[in-house]
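Below you'll find only one chain, the form predicted on its own, shown as C-alpha cells.
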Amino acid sequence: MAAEVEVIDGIREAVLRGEFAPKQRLVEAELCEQFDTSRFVVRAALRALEAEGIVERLRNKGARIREISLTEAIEITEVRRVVEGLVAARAAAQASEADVTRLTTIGRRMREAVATGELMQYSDLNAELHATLREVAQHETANRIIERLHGQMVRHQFALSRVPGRSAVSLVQHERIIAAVARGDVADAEAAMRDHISSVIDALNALGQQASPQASR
C-alpha cells in the first residue's frame, strides 16, 4: 500500500511540475523503473488515479494523463467554492490557539514569498494553508471531495501560479480568510473563502480569453 501511495503521489507531483503533459502516455515499464516498484503496484496506482480523474485508460493503448478542459476546470472550481467555503466556516468554528498560530505563520511566510518573488514557494504555501484549514475543520467528506478535485486541477493551478501579479491578489484574499478564522467569525470565513475561489474562477476565465486568440491563428 505504501508503494502504491508513493507512485500515486509521484505522478500527481509530476503533473503539477509539468513533467507529465496532458494526453501523455504512461508506460508501465518506465514507471516501474522510475519508482523502483512492480507492475502490480503501478497498475494499482494507475487505477486509483483513473478513479480520481487524473489518468484515463484507452482500449488497446494503455493509460495516459487525462486532459482537463478549461470549461471542466471552471466547473470543478465552482464545486470547490461551495465545499471549501464549508471548510473555512468549520475551521473558524473550532480553531484552537495553536491552530491560529499555525495559520498565521503560514500567512506570514506567504507574504514573504510574494515579497521575494518566490512563486513556487508561494504555491506550496498556498496548498499548505488550504490543507491546514481542512485539518482544522475535521470534515472528512469535504476533505475527500477537495483532494479528488485538486488532483484534476493541478495543471490549471500551475498555469495560474505563473500569471503575473496573481500571487499578490491571492495573498490578500488568504490573509482575509486567516483573519476571519482567527477571530472565530464563521460567516466571514465562509464568505472570504468563497470570494477567493470566485477570484480563481475569474482568473481561469481570463486565461481562456488569452488562449482563444492564439488558438484561432
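So that there is no doubt, residue numbering starts at 1 and follows the sequence shown. Computed from a predicted structure; not experimentally measured. Whichever C-alpha set is largest while still superposing within 1.5 Å between the two forms counts as the rigid core.
Just so you know, the form predicted in complex with another copy of the chain exists too; it's not on screen, but the next bit is about it.
Undergrad: On the criterion of a non-hydrogen atom at 4.5 angstroms or closer, are Ala51, Arg90 and Leu149 all touching another copy of the chain in the predicted bound form?
TA: Checking in the predicted bound form: Ala51, Arg90 and Leu149 are all within 4.5 Å of another copy of the chain.
Undergrad: Specify the contacting stretch among 25-33, 164-172, 39-47, 177-185, defined as having any heavy atom within 4.5 Å of another copy of the chain in the predicted bound form.
TA: Result for this chain: 39-47.
Undergrad: Using heavy atoms and a 4.5 Å limit, would one call Arg194 a contact residue for another copy of the chain in the predicted bound form?
TA: Result yes; Arg194 sits at the interface with another copy of the chain in the predicted bound form.
Undergrad: Is Glu97 close to another copy of the chain in the predicted bound form, meaning a heavy atom pair under 4.5 Å apart or at it?
TA: It does not: once another copy of the chain is placed as it appears in the predicted bound form, Glu97 has no heavy atom within 4.5 Å of it.
Undergrad: If we define contact as a non-hydrogen atom of the residue within 4.5 angstroms of the partner, is Thr104 a contact of another copy of the chain in the predicted bound form?
TA: Although another copy of the chain is absent here, Thr104 would stay clear of it in the predicted bound form, with no heavy atoms inside 4.5 Å.
Undergrad: Could you tell me if Thr141 has a non-hydrogen atom within 4.5 Å of another copy of the chain in the predicted bound form?
TA: Looking in the predicted bound form, residue contacts with another copy of the chain include Thr141, since a heavy atom lies within 4.5 Å.
Undergrad: Taking 4.5 Å between heavy atoms as the contact cutoff, choose which of Ile76, Leu129, Val136, Ala113 touches another copy of the chain in the predicted bound form.
TA: Selected residue: Ile76.
Undergrad: Using a 4.5 Å cut-off on heavy atoms, which residues of 46-75 contact another copy of the chain in the predicted bound form?
TA: Contacting residues: Arg47, Ala51, Arg57, Arg59, Arg66, Glu72, Glu75.
Undergrad: 2 Å or more on the CA of Val42 between the shown form and the other one, with the rigid core superposed, yes or no?
TA: Yes, Val42 moves 2 Å or more.
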